Structures are given as structure tokens and as C-alpha cells.
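Provided below as C-alpha cells are two forms of one protein chain, presented individually as structure 1 and structure 2.
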Structure 1
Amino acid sequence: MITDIWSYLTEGSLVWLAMTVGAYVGAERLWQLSGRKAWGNPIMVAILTVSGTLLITGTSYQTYFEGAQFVHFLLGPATVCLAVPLYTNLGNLRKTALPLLVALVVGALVAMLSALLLAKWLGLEGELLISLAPKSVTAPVAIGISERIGGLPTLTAAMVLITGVIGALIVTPLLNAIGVRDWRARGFSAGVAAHGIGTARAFQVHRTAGAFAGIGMALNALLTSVLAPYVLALIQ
């Protein structure tokens, strides 16, 4: 009886949609109870909870995504909404245009070069190596870049998301350790190196940081699209 209900539910969208939202609500609650520690990042906890459940129940990612796509879809409108913090920070943006643009070029180059050089040194090669190049760029753009330079788009998508979670976990302790306190610099670097997940993390910390993270994400998508083929040619 229970297995009948379970198999009926798991074939539909509702149970996986509910699980996605539920895992996130639970993870955020835990995060608040833990005193909002960086290592308890709700994105990571929710992803691990859901993926663990899928593995235990032997559910494929495709089946899961049929339910979760309704949440996934909202990423598009949410990205458009980043115009609101962008607009409220226009004055701030004008004041910091020069530091911001130079930091963008430095961040984009370091993100690609360090990943490719280190991966090569560790013996990773071929399509895997190439798929790592756009790892700091927001997923839809990274997939396009990966296709163009000869990587595996779906593998790139996985690298992008793991990079985002790593960025969200390390950005606060790292920037505290190296003494960067300006919210614009902190947020911008999170957006450049860890795209939307870094941006989501920045909004958890400070409004200005979140706004600059969104700008960093958008600008790095553009710059890495242009630079990736040249950087790859330089490495190979």
C-alpha cells in the first residue's frame, strides 16, 4: 500500500518539487539556528539532502528535475530582478568604475588560468580540462562557452555549480583573513568567481555586497565569453 503510493508519487512532479522546497526551508532553519555560519550554507545542505535522497531511493536526476524544474525556472526572472539592487547602487557603481573594471579583468583571468594550469599540473586533460575553463561563469553562459571551445557542456554545468558552492562556503572566512572589508569589493569578487551562488551568498551578508555580486556575475559572463578561447590557446 505505502509502496504503491510512493511509486505513484515519485513518478509525478509534486513530491520532488515539495522535497526541493522542503529541503531548502529546513536547511535555512538549521542555518539560522547554527548562528548563520558560513559552513552551514543552506544551498549546500539542501543540495546534499536532496541528492542523498535521490541516491538512496534510486531516483534518476531526470525524474527529479521534472518536478524541480518549476523552481529552476524562477532563476530567469530572479536574474532580471537583479536590476533592482543594480539600480539602487548606480551612484556607488559610478564611483568605483575604475577599481571594478580592473578587478574584473584580474578576477576573470585568475579564475581561468589558475584552474587550467593547476588541472594540467595534476594530470587532467582533454575534454575534462577544457570543461573546467568557464567554471566561474553563470551556468547558461558557461555551457555556451564550453560548447564553443570543445568541452562537455553538462560536465561544465556540474563544475560551475560545485564552484559556486565552494565560493559561497569560503568567501567570508577568506576575505576576513586577507583583510578586505569593503562591501563592494567583497560582493564583486564573490560574483566574479562564484557567479549566482556567490551572489546569493553575498545577499545573505549585505545588500551592497549582493548588488555588486550581481554586477560581477554579469560582467564576468561577458568577459570570459570573449577571453576563454584565447586563454585556452595559451595553455595548450
Structure 2
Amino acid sequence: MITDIWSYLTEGSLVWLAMTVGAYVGAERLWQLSGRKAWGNPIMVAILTVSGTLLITGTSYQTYFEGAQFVHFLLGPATVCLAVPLYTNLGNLRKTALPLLVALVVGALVAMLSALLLAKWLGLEGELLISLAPKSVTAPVAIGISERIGGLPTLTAAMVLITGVIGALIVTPLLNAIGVRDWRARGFSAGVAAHGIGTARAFQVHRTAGAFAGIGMALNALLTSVLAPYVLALIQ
């Protein structure tokens, strides 16, 4: 039975969908065996596994995407589902609306300005510079922002992944080191700075942190889509 399924998959592009799902399932298992350490982040391991497979087999991204695009399609519905933590935490949101609003605005501006100023200092211009502006926003929204403001969506997607993985790796030790104990603050900061991957990490640590990370990720996507053109105009 398994042999028949594999033969069917290898005859078409669905082999890459199976490989993507298998890479994540295997990475998740390895992460659990590691004691759920941050350095064993399953998303990072799955990305490295898929990238390594494509390099070894000489497979182009276009060929891979033909089979794995169903995962990309699901990013849209997953983004819409960000409304769920917003709804279920309305009570907490009302109590902390002002500090969350301040943190959101500061976080969104720092995320954009830090990347753009560093890129400007390194001599990047044009599409390369523009593509960095939405790097802390969840992928479907970041790609849309990049397309609208004249960036390179593929580069933006890569920067989104790098930002999320780095954020997921350092968020827990960093917040522990600076003494942040409130799960709402910890989660919200992870969601604003490291979008979906940071949110997944927050859920692994604490349920409340995960809920507020989802809220931060959703609100940052909305705010960045509004502010990005103005911030770019200021930098350029």
C-alpha cells in the first residue's frame, strides 16, 4: 500500500507536497526528542531539510512549488483565522488596550526602520531596500505589501522566514534575560517581531503567550500595510 502511494506521488509534482509535509512531521518529532529546545525549532529544521533536498536533487523552485503550492494556498485561510484569538481575548484586550497599542506602534516602526536603515547603511537601494520593509509581517500579507510598494515578493518571503526563525530562536532566552514575566507581553512581542513562526513558538511555551502573539501578529500585519509606504518615503 505504501509503495503504491509513493509510486503515485513520484509520477507527478505531488511528491514535493508529500516531502514538505514529511519534512515538517519528521522535524516536529526530532524537536520533541530534543526536549523542545529552541534550537530544534521544527520550522527551521523543515526549511533546511527541504532546501537541502532541492539542492541535492537539482530541483528548481518552480518545479517544487508546482507540487507544494497547496501549502502556500493554506496561508490565506490561516491568516483569516487570526481573528479567533482576537475574539476570544476581547476582555484582556480591553484591559490592556493602551499599552498594547503603544507596543504595537513602536514594534512595527522599529521592525521596519531597523531593517531599512541597516540596509541603507550597507548601500542597498531600489527593490532590494523596499523588499525589507514588511519582513516582520506574516508571509501572505508581507508578499502582498511587497508587491504593492514595488519590492521583490520572493526576497520578501525569504526575509520573512529568516526573521521568524531567528525570532523563534532568541525570543525565550532574550525575554528571560531582560526579566519580562507577563505572558501577554511576552507573546505580543513575539507576534509583532517574528510573525507566525514566533507565534508558533509562543504557543509552545504558554497558551496565553500564544494567544497574544496571534493578536500581535494580526495587528502588526494591518499596521505595517498602512505605514510601510510612508516609512519607505521617509527613508528614501
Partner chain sequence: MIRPFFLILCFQLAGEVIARGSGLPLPGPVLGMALLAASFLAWPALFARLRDTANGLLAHLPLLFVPAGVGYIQYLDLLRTDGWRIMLVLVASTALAIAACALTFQWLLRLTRTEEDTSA
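Here, a residue number simply tells you its place in the sequence of structure 1, counted from 1. We call the rigid core the largest set of C-alpha positions that still match within 1.5 Å between the two forms. Everything numeric in this text was worked out from a predicted model, so none of it was measured.
Visitor: Form predicted together with its partner chain, is that 1 or 2?
Guide: If we ask which form is the one predicted together with its partner chain, the answer is structure 1.
Visitor: Residue 59: with the rigid core matched between structures 1 and 2, does its Cα shift 2 Å or more?
Guide: True for residue 59: a C-alpha shift of 2 Å or more.
Visitor: After superposing the rigid core, is the C-alpha displacement of residue 19 2 Å or more between structures 1 and 2?
Guide: For residue 19, whose C-alpha is compared between structures 1 and 2 after core superposition, the shift is 2 Å or more.
Visitor: Note yes or no: does the Cα of residue 163 move by 2 Å or more between structures 1 and 2 after the core is superposed?
Guide: Stays below the 2 Å threshold, so no.
Visitor: After superposition on the rigid core, what is the displacement of the C-alpha atom of residue 72 between structures 1 and 2, in Å?
Guide: Shift of residue 72 at C-alpha, rigid core superposed: 5.0 Å.
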